[in-house]
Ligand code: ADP
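There is one chain below, alone, in structure tokens, taken in the form predicted on its own.
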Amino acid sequence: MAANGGLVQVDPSSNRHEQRSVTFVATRVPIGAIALAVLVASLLAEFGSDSMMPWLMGAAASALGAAAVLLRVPRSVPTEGNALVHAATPPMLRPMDAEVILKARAVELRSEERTKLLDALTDAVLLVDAHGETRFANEAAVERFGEENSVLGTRRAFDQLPAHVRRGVLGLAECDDAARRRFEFDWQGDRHAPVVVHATRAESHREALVAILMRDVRVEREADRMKTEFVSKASHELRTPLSSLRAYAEMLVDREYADDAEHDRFLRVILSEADRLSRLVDHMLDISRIESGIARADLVTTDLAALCRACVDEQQGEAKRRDISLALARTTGGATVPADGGLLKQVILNLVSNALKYTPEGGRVEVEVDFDALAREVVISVRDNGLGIPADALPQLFGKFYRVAGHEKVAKGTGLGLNLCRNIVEGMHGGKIGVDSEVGRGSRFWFAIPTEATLRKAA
């Protein structure tokens, strides 16, 4: 092996102690020696005889060439075996430098990913220091506080918080250990915009920071309100038939009836109230199962025209008892859709039953089946010439336990039938349901079932 870092040629037949080496270029020759050789060659060329001139010129050229080669030839790195690995002409980064650059790039990528993650949150995230100055604000925070107020290094976003929240956040920054606090208040004094703030102390490079997460809880509050309202209305609706059952049962036990006819009337009232209570409980359970996703529609090819015809035939007895004309007025071809026939039959019967209840004697109720080729859906309508519904009641008509003012005196009901219909049509079949009405001229309840989209929604 050559000394001084020269290139090495190894005889594979020799052992480590008998290797022969030839040094082609000494990469560590002192630069001073090269300069001396050039100088000597120049002097001889100047003062030498004519016969020595060619030789001296050649020596000078050789010296200059050697200097150029030594300055340009890269160092060679001997490796295992006979291979000689030459370093590339451009200088390569040292392994330690490359590792530092890779680590810095990895940290940068992780920082970008975390920023994107925070920007994707719907909750406002604000990072402030011990003075309340903004260090970071995600997109939701910029939207809530305003772009001009979310500038880094300013207190404008922090100052929008209520005074007690600001005191609590600054108190966290002064704590010695990790802590968190929770605050509730109405954003900017709007009682319809309640927010919850979670403040958590963090520490970065020996500097106290506080992370503030602000969440809009209007949806949660509305859900809680609706649950409370549902329980209240359900309790009221359950109490009414139970009170009737108890009252008539007590009169029977005390024999407070004049004759057998009145005795039979008490029994019929008890049976009617028991049926009403049973329907109320069934509707509540059905709605709960649908809204929770437990109930599933069994989608099969269903002829809605045939289904409407069966429902009309089933309600003819009630229509005759009320002296109301009930008919399937119009049907159309192509009324076959993928649907749960049992559930849609429940919807049709409910709409027809309501129409019969609120239509006076001598009135008429008509069921129509149409195919909307443009929207690719089958539309079923139930028309009547009954009482009609006020315009201000239409938006609430499909809500739970809602009854139109004054209609309670005309017919009894649970207030859940239309809400159940909406859940079946929209929630389980991907359809839509609505009503058109005018007071004194009657109503048209309708629902539409898509011919193709139902299967995709159910999947």
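Fair warning: this is a prediction, and the values are worked out from it, not measured in the lab. The first residue of the sequence shown is number 1, and the count goes up from there.
Missing here is the form predicted together with this ligand; even so, the following discussion is about that form.
Of the residues K345, R201, K357, R144, just one reaches this ligand in the predicted complex with a heavy atom at 4.5 Å or closer; this is K357. Proximity to this ligand in the predicted complex, taken as heavy atoms within 4.5 Å, picks out 348-356 from the listed stretches 348-356, 208-216, 316-324, 128-136.
Contact annotation: K432 falls outside 4.5 Å of this ligand in the predicted complex, judged by heavy atom distances. This ligand in the predicted complex is approached by F445, whose closest heavy atom lies within 4.5 angstroms of it. At a distance threshold of 4.5 angstroms between non-hydrogen atoms, V425 is out of contact with this ligand in the predicted complex. Although the partner is absent here, G388 is a contact residue: one of its heavy atoms lies within 4.5 angstroms of this ligand in the predicted complex. Heavy atoms closer than or equal to 4.5 Å to this ligand in the predicted complex belong, across 386-403, to the residues G388, I389, L397, Y402, R403, ordered by sequence position.
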